[in-house]
Each structure stands twice: as structure tokens, then as C-alpha cells.
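Next up: just one chain, as C-alpha cells, the form predicted alone.
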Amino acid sequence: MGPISFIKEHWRLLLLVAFVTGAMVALFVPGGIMADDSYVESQDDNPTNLEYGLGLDGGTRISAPVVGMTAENIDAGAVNEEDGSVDRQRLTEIEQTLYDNDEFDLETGNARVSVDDDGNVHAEIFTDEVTRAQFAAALAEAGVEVDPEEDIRDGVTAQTRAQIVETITSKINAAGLSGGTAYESARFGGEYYIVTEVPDMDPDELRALLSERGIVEVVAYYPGENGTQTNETVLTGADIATVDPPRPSERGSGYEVPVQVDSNAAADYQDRMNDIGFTGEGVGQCSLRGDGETISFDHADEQYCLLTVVDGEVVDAHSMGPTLASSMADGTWANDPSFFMGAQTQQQGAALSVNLQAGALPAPLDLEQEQTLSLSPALADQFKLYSLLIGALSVVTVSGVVFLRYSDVRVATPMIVTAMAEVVILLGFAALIRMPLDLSHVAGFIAVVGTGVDDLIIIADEVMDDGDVSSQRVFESRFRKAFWVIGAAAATTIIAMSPLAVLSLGDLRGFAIITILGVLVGVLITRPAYGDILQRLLTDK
């Protein structure tokens, strides 16, 4: 028999072997198939490449709404109805009017006017200190008339929520927190919560991570008119291209974060430093000092300081060094635009690095309304052990029942092996995509074993009906009949579980996803392979 004929005849078994082999590689080869070096290092204490969620690794889950108010579908005169083009200048004008309003004082980043994919304009403010009437009055100053009760609602747009989830996920990854996730959860009444889960982190640490908006600015603090000092934002987090980890400062105490400025912003920053004197009389002229937490602005002399500001708080102040000033003065710095942002403590430096890498949260979370779940690692280890024992017990129980039912190792042994292969494939898939396994997923695996063996029993009962099954034609006829029953049951299960897998229903979602994946693996891979094995054991083929 040639290789092509062999493949054609045994393709179902070969497909099962290929998937099991790939799953074993994903599970046990260091780093799996697609992991990078940092992921490999984080898994040093784990014999497999599996990641675990809160229920099996300990950690914290915080669920909180977003602070904000939205005026939806406003008539801003910014979208051309004929060609759908957007007047960005008009959007900026409305946004600036919100910032300039005398009734309330919006901080940087707390207003946004945007256009969604359908061409609708939305205005948002991210504060809980403004009433709907005040918001409507501020929009009216910009020429936008809205009804405070009908057109304005609490909460933010779907676009903003999606950006919050993306930013929190980036913060988790930038902080090196393996297995952490963030997602959006809908509640009854139309309220939305942002859910963040991070294994091996206590509530205070996660709360601190989420409470920081991460709005980073470099502010020039320099002499103005009549002996006053001027604050001017010269760089924002959006102008930073790359960020390196923090390190002890070479200029003395504190820490520094090496950053590379985006090439589009570098020339303007260089020109502004030259214009306001930082590269001339301002070189080395900053004597502001801090106590590790705050910077003192009590000074008599003129100051030329570059302030590192995070969420409105000054975390460091330093002067322009002569080497950097010289390269800016002769215009060469913009060709390699890098410098250091300072922090007084290592913790501030680490937070600054994370915020620069992940970007700023579009809106703050209302942590006063948070719902917190925390599980200690010791208790999670117990759950992990119990899950393993329950899984082993389910396999032993199913194996015993199958052997009692058939009393034929030719039928029972392939059944158990095939069912276990299904679980291995699912575990390999989880390791491949780095799905954090939780107790709900364990329940899904147990359900997959049960439903899988049920389907295999249907196949065995059908093909062995009326005793004689030595004929290949008879076997194939009976197998097709059984497979139709299994296929219909699989379709029903997928349809029933799909809403649970799509909706944000907490732990039910993990159970539904594993169950659906198990059904698909069973119908497409393991059930046909079991039929192939049974055919070779029971027929004359």
C-alpha cells in the first residue's frame, strides 16, 4: 500500500493523531507554539503551558461602571449628509467649548466629541460633578441644542468602553501580569460594567492599577511675564513612540524611564524647547525638589523645569542637560529623538512606564460602585487539586460503566482513549491561545467527557445492533445512521450554548465556550476516528 492510499484509508485516524500531537506540543513544549521569551519565563513554575484564572490561581476580579455622561446623536453640523465627510475642526471646537465652560472645570482628557461608524455625533464628558442641565447648557454655547432629559444619558459610548477594555488589557500586559483579562459586562437596565480579572494580585494592587487614568504629560515650567512662572504642556503620552523599563537615574536620586519621541512630534518639541529658552539660559536651571511623594514649588529664582505629570500630579521635575540642549540647539536631536522621563520612586517609575506603553484610559472607572471578588492563592491551589481529582474520578467512573456495559475491550478501550484525546485537544487549544482556565472551564471539560462518551455509546450501540457487524457495508450504513443522530444533538447543543458564549454572563461563558468547542472537536475529529477504529476491530476489513 502506497503512502497516498494509506492516507486516504486512514485519514480520520491520522487527523486525530495530528491534533493530539499538536496539542501535546502546545501543552508541554516550553513556550508552546507561539509564545515569546517573556511568556516562557513567567511559566517557569508550571510544568505545562496552561494559564489559570482566578478560581485556579488566586487573584482579584473588579467590576466597575465608567464615570461619564453622553449626549447621543447630536446635531453638531460636523457631518456632510451628501458624502459623509467629517469636519474635524467643528468637533474640536465643540470639545474646546466644553473645556472652556465656566459652570464646571473639566480636567485634561475629560471631554470628547466623536463620530461613530454610522455617522452619528456623540459628545461625552467623563466626570460625575456635572448635571445634565449644565452639560446641555455647555453644548448650547457651542451651537448644539439638546434636551437634558431625552438626549443625555449616564454612561459612555460603546466606542469608549471598547477603548477602555483595550487600554486596561494593555496595562495588564505591560505590567507583566500573565493571565489577566478585561472585558465588558452588560447589566439589566442598560448599565455597562468593565470587568478586570488578574491572577495573583490583591484588590489594593488592582484597584491602584485601575484608578490611574494614565494621562502622562511633559510640562515646561519656565519664567513668564512680570516675574511669574508659566506651565505649558509640550509632550503628551500620544507623542511617545517607544518606552523602556525604568532604571535608577544617572543624574542622582530617583528613577528614569527612557523614551523615544514619535518622529511626527519630535521637531515641534525641539523647536519649542529652543523658543522658550530651555536650550539656552535655561540649561541646568531647575532646583525644584521633592520628598518622594510631592514636588515643592517654593522657590525664589527663575526655574526652567521639565515636569513629568501623571493624572495631573507632578511626579518629577528636572532640568535640561547640556548634552541634550546642545543637540536640540543645533537641530540634530530630532533625528534621534530620545530622552528620559523622571520619577522619584521605583513604583512611580514602573507606573509611568506602564502608562506610557498602554496609553491613557479614555474615561475613569467609578470604583466607589465596584464589585470585588478576591481569592487567595492557597485556596486556589486547593481548587486546582480538587479539579484534578474530580476529573480523574469522572474518567474512572465513565471507564467502569463502559466496561460493565460492553464487556468487550475492543469497544470500550477505544471509546475511553478517544474521549481522553478530545480533552487533550481542548487543553492544547487552551494552551495555544493562552486561555486562563477557571472552575467554569473545568466544569465544561467534565461535561465534554460525559457528552462525548454518550455519543460514542450511541455509535457502539447502533453498529452492534442485531449482533453481526462483520460486513463493512453494514457497519458503514449503521455508522451513518448513528452519526446523523450525533450531528443533530451537537447542533442542538451549540444552538443552546451560543447565547451563553456570546453574552457577558460571567462564569457561564467559560462553561459554554468549552462545551461548544468540545462538541465541534467531537463531531469533526474524534467521533469519525472512533468509527474508523471500531470498523477495523469489528469488521473483516
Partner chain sequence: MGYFDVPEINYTRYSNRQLAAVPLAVLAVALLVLTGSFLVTGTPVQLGMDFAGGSELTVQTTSSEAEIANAFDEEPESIQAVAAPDTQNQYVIQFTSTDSSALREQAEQNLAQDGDADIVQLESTVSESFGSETQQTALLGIAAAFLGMSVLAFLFFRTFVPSIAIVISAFSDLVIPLAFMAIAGISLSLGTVAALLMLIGYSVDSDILLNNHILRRSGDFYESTNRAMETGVTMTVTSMSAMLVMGVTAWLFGVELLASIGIILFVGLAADLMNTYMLNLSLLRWYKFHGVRS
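These figures come from a predicted structure and were not determined experimentally. We call the rigid core the largest set of C-alpha positions that still match within 1.5 Å between the two forms. Residue numbers count along the first chain shown, from 1.
Keep in mind the form predicted in complex with the partner chain is missing from the figure; the text below concerns it.
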Heavy atom within 4.5 Å of the partner chain in the model of the complex - residue from V219, V283, I457, V146
I457
Just give me the single entry in F297, Y183, Y406, Y99 that has a non-hydrogen atom within 4.5 angstroms of the partner chain in the model of the complex.
Y406
Is S114 one of the residues lying within 4.5 Å of the partner chain in the model of the complex, judged by heavy atom distances?
no
4.5 angstroms heavy atom contact with the partner chain in the model of the complex for E462
yes
Even though the partner isn't displayed, in the model of the complex is R207 close enough to the partner chain, meaning a heavy atom within 4.5 Å?
yes
Indicate whether R187 is a 4.5 Å heavy atom neighbour of the partner chain in the model of the complex.
yes
Looking at 71-79, 421-429, 442-450, 338-346, which lies within 4.5 angstroms of the partner chain in the model of the complex, counting heavy atoms?
442-450
Neighbours of the partner chain in the model of the complex among 351-380 [non-hydrogen atom within 4.5 angstroms]
E368, Q369, E370, Q371, T372, L373, S374, L375, S376, A378, L379
With both forms fitted on the core, check whether the Cα of G58 differs by 2 Å or more between the shown form and the other one.
yes
Threshold 2 Å Cα movement between the shown form and the other one at T157, rigid core reference:
no
